[in-house]
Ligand SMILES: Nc1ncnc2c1ncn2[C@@H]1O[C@H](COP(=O)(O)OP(=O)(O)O)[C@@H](O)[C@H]1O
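Heads up, the chain below is alone and in the form predicted on its own; it's given as C-alpha cells.
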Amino acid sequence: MLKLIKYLSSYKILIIVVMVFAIASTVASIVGPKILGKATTKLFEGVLGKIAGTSTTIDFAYIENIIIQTLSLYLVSTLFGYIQGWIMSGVSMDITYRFRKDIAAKINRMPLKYFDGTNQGEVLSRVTNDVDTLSQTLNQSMTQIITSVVTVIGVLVMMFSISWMMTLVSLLIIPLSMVIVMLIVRQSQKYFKQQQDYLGHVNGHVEEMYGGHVVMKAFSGEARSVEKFDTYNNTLYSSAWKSQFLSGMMMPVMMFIGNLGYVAVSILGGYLAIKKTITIGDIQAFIQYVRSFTQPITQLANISNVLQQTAAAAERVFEFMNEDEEIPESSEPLTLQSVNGIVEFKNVRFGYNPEKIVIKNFSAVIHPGQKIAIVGPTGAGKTTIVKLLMRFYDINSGAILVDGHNINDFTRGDLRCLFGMVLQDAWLYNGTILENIRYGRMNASDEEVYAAAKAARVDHFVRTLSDGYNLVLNEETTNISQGQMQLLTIARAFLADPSILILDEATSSVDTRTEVLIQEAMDNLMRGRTSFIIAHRLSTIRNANLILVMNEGDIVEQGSHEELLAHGGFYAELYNSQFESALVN
C-alpha cells in the first residue's frame, strides 16, 4: 500500500482538489440537520403555544427560511460531490492507463528467462484483473474514505455541540466496532490474497489449454485438464466465498452495533427532554447525526475489505514491476554503417542457472559469407548459441564479437536488426499475408514485399489463394499449411535483408516437394550472407563451410563434412546413426 501511495504521488494536486471538494460536500451535508433542527424546534414551540393558549401563530416565514437554507446546503453538497467524483474518475482511469503502460514497458525490459519460467496467463492476469481491481478501488473507495473520515469528525463535532452526554454514549460503540473489524480483517486478508493468486492460476490454465487444445485432444488430455482446472477453480471458489462472506459480515454486524447506540441515545435523549435540558429539534438533529455517525464507520469497515483486495492486487502488480530486468544498454551504443558478418566467440561461458553451466569455454571464428552448421544431440546447446547471439540471454563470461565489436556495445534493438531468423516454429500473427511478410521491415512498400515473396518461392502459392496477399491468417494459422508458413517466414527474412542469418532447419514436418521449395528459398536467402544453421538432419548441411559439433555445451569437433567423417569421431557417429536409421526405414 505504501508503494501504491507513492505511485499516486504524481496526482497529489488533483487528489488534494478532490479532498477539498469532498470535505466541502460533506461539511455542507453535516451542517444541514442542525439547521433543520431549528425549524423543528420553532414548529414544536408554535404548536405547544397554540395548545397552551400562549400563542396563536406559527412562524412559517422563519421555518421557510430554514428550509431554503437547508436545501441550498444539500444542493451545494451534491454539486461538490459530483465534481470530486468526476475528477477522481479521471485520475483512476489515468492511473489504470499508466499501470498498463508501465507493465507493457516492463515486459519489454525483462529477460527471457522470466517468461520461460512463468505461465503466460499469470502475466495476463496481472495486466488485466489486478489492474482492474486497483482501478475500481481508486475510483470508488478513495473519495468514500475521505468523505467517511470527514463525516465522522464533522458529525462528532456537531454532536458535542448539542450534548456531550449523548455523544459519549454514542462513542461507546466505537471500541466494540474496532475489535470486530480487526477480527474480521485478520481472517479475510489471507483469503483475498489467495483469491487473486488463484484467479491468475485459473486464467493461466485456461489460456494454456486453449492455446494447445489440439495437442490436448490428440492425447486425450481432456480429463486431466478438467481435473487440474477443477483443483484451481475449487480453491478459487473456496477463497472467494470465504473472503466475500467475511466482508459481507461487516455490514450487518456494524448495523447491529449502530442500532444499539441508536437505542441508547433515544432513551437518554427522551430523559434529557423531560428534564428540559435539550430541545426537541436538537434531539431530532442528534438522532440524524447518530445515523450519520454509524454509517461512515460502517462504510470504513466495508472499505477495509476492499482495501485488502486492493493490497493483494497491488502486491502482485508491484511484485511483477520489481522483477529483475535485462542488463542495461550501453550508455554510448555503437552503430555500424555496414556489416561484413564476421562473428567471433571468445571463451564463452553460459548457464541458464549459474549452478549448471551448459556452454563451457566456447570459442570459434566465423568469416563473412560462411555457412556455419551447428549440430549435436538434443540438449547439446545448439539453440542456446542462437539465443546468446541475439542477446536473449547474456553470457556469464567471455565475449561475442560482430565485426570485432562486442555485442554488449550495441543496443539490443540495433543488434537484432543485424540478424534475420527463420525458426522451426514459424510465428505468424492474425493479419493478412502482406502484413505478416512486411513484419520483417515495417516501412517496406508493397512492391518490395512482392519481390521478397518471389525470392522466397511464396508468390506463386499466395496468388492461388482466394484473397491472395489480402488473405487474413486466423489466430492459429490453420488456413495455410506448415510448409507455406515456413515459406512466409523466409519471405519475411528476405524483406528484412539482414547481414547475418540464423536458420533453424524447418523442413522436418513437410512433404518432399515443399521441402525442396523451402531448401531452394533458404539457399537463395543465405547467398552472400553469414549464416548459422541449426541442423537436425545432417544430410542437409554437407556443403557447410564449417560444422560445429556440440555435445553437453562444448564444441567437441569442428571442420567440414568430409573432414569430420574422415576423423571418425562424434560427428561421424551421429551421421552414421541417422544414415542407418534412414536405411532401416
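None of the values given here were measured: they were computed from a predicted structure. A residue's number is simply how far along the shown sequence it sits, counting from 1.
In what follows, reference is made to the form predicted together with this ligand, a form of this protein that is not presented.
Site annotation in the predicted bound form: the residue of Thr383, Asn340, Asn233, Gln482 reaching within 4.5 Å of this ligand with a heavy atom is Thr383. Out of the listed residues Tyr262, Tyr74, Tyr352, Phe318, Tyr352 is the one that sits within 4.5 Å of this ligand in the predicted bound form by at least one heavy atom. Figure note: of the listed segments 332-340, 371-379, 483-491, 156-164, the one touching this ligand in the predicted bound form, with heavy atoms no more than 4.5 Å away, is 371-379.
Using a 4.5 angstroms limit between non-hydrogen atoms, Lys242 is distant from this ligand in the predicted bound form. Using a 4.5 angstroms threshold between heavy atoms, Lys387 counts as touching this ligand in the predicted bound form. A residue is said to contact a partner when one of its heavy atoms sits within 4.5 Å of a partner heavy atom; Asp116 meets this definition for this ligand in the predicted bound form. Heavy atoms of Val306 never reach within 4.5 Å of this ligand in the predicted bound form, leaving it off the interface. Along 85-109, a non-hydrogen atom within 4.5 Å of this ligand in the predicted bound form is carried by no residue at all.
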